[in-house]
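Shown below, as structure tokens, is a lone chain in the form predicted on its own; questions about how it binds or moves come after it.
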């Protein structure tokens, strides 16, 4: 890998969406949400939309390529190499940076995931591009420049970010910030397989083991439309069954406050907040959570927030759309029972 040569700004054309695959080889919804954002920008800037896939040499990605085209990609570049079989930040960064040097994209979008937050800053550094993480809105301003809106200062302020001199413009988009579009099955598949010039001699970390977090509901926290979170008000890990039962009744995912995770009641993968995950579901239940600003940072953009807490002065009520002042041990079981009996989860 040689030194990246920066080209004049006007030479960079097109919009990329780097699509992410699950362990089973399925596209993540957040990648299709990023395609929605790309389509809107493509219409405003009159630029072509391409999707980028990274996978092992022998991995069948035909279904993912077809889906990406159905959701708006005009072409798919499928990067295949044995070194891409498992995620490694440096290897991903090398592969994408090399393709950037060849294709010169104007804008690169990706879903805001733990992996994209890891390797895309490296891509920006190698290509001398601009980088804005965790965006919630994208638009083309009056000067014809990409304008990114992203939260800052613990989500107390919205920052407007532009890249007047840096290309490519690299942005990650927050889950649920953009709606997943509708598939057009009549769209033809246009894909090209590329072999990135990767070598085992490239400096990179060595993957020892991958440990998958367990979820009793089978829902990934950052992708869930419904989340039920619990806090110290539950008094002990054995009482988290109240949270699990309500989440199961609603078809949602289980979350937790930092205090609960620090106490060892729940795994860090379920933590919502400043030092955990930022979520934006359609419906967020806070059971026994006081709602300190560190927790609000991770869930305040939820569409509807319902809080249950016996303390009427709990900060969570300041941002809740609906609040129940009461004993969570009395309210939660009744709520779960009612939802099951009246099949209310379907309409949520």
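Numbering follows the first chain given and starts at 1. Model, not experiment: these values are computed from the prediction.
Same protein, other form: the form predicted together with a small molecule, not shown, and the subject of what follows.
- Interface membership of residue 311, defined by any non-hydrogen atom within 4.5 Å of the small molecule in the predicted complex, is confirmed.
- Heavy atoms of residue 272 reach within 4.5 Å of the small molecule in the predicted complex, making it an interface residue.
- The shortest heavy atom separation between residue 281 and the small molecule in the predicted complex exceeds 4.5 Å.
- Within 4.5 Å of some heavy atom of the small molecule in the predicted complex lies at least one heavy atom of residue 276.
- Of the listed positions (292, 41, 319, 27), a single one reaches within 4.5 angstroms of the small molecule by any non-hydrogen atom in the predicted complex, namely 292.
- Proximity to the small molecule in the predicted complex, taken as a non-hydrogen atom within 4.5 angstroms, holds for one residue of 103, 232, 266, 80, which is 232.
- Proximity to the small molecule in the predicted complex, taken as heavy atoms within 4.5 Å, picks out 233 to 241 from the listed stretches 87 to 95, 165 to 173, 138 to 146, 233 to 241.
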